[in-house]
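Only one chain is shown below, in C-alpha cells, and it's the form predicted on its own.
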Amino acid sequence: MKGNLREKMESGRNALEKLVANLPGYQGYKEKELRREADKLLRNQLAAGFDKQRRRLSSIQYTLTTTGRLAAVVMLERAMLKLQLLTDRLKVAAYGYAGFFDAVKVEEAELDALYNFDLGLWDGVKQVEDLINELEEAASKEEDVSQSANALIKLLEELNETFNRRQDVILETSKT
C-alpha cells in the first residue's frame, strides 16, 4: 500500500472530529498529528515489506544449508543482518517531534519532507524483492548465488546509508 496515507486518514474523520478540528489552536496541532501518524503508518508498511523479504531470505538460507553450500549461507547472513538493521530502524525512527525548547521546531513542511523521504524508500523494497527472486531461483537450481548476494548486500548498505540522512531532511527543510 503506497497511496497517500494522510489523505486517507483525513477523509476518515467523523463529524465530531471535523467539528473539533475547527477549534482555534487545535487545527494546527491535529494537522501535525495526522502527518506524524501517516508517516508512522508508512514506515510500518515499509518495515513489513522488508521483513517479508527477510523471511524469504531465511528460507533461501535453509535451502542452501540442506544442499551443503555453507559459504553461500554465510554470505546471505551478512545480507540478513543488514536487512534486519534497516527494518528495525524503520520501526523505531523518530516521528518528527520536537520539544518546546528545542532549537529546531518541527513544522508541517518538515513533516511533509519526512513523509516524502520515507515514501522514497518504497523503491528499495521492490529492488530487494527482485534480488531475492534471483537468489531464490539460483538456489533452487543449485547455481552460484554470490553475484546476487553481493548485489543484495550492496543495495542494503545503500538503503541504510540513505536512511542515515533522514534526520538531515528536518534540518535542511527548517533552514529554508
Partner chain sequence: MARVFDVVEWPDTGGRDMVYRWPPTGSGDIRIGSQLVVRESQAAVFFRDGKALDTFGPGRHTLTTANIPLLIGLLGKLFSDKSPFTTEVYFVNLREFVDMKWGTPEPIALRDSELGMVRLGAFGTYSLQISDPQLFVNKIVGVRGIYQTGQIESYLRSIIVTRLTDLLGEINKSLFDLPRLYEEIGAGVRAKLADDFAALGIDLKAFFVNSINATEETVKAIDERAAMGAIGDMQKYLQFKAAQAMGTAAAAGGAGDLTSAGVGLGAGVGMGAAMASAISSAIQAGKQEAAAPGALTKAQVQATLDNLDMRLAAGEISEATYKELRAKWEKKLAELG
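Numbering follows the first chain given and starts at 1. Please read all numbers here as calculations on a predicted model, not as lab measurements.
Another form exists, predicted together with the partner chain; not displayed. Remarks below refer to it.
Looking at Ser140, you'd find every heavy atom of it more than 4.5 angstroms from the partner chain in the model of the complex. None of the heavy atoms of Ala48 is located within 4.5 Å of the partner chain in the model of the complex.
By the criterion of a heavy atom within 4.5 Å, Leu70 is counted among the residues contacting the partner chain in the model of the complex. In the model of the complex, at least one heavy atom of Lys91 sits within 4.5 Å of a heavy atom of the partner chain.
With the partner removed from view, the residue among Asn133, Ser146, Asn116, Ser58 that has a non-hydrogen atom within 4.5 Å of the partner chain in the model of the complex turns out to be Ser58. When contacts are defined as a non-hydrogen atom within 4.5 Å, all of Arg54, Met80 and Gln84 contact the partner chain in the model of the complex. With the partner chain left out of view, the stretch that reaches within 4.5 Å of it through heavy atoms in the model of the complex is, among 62 to 70, 147 to 155, 106 to 114, 119 to 127, 62 to 70.
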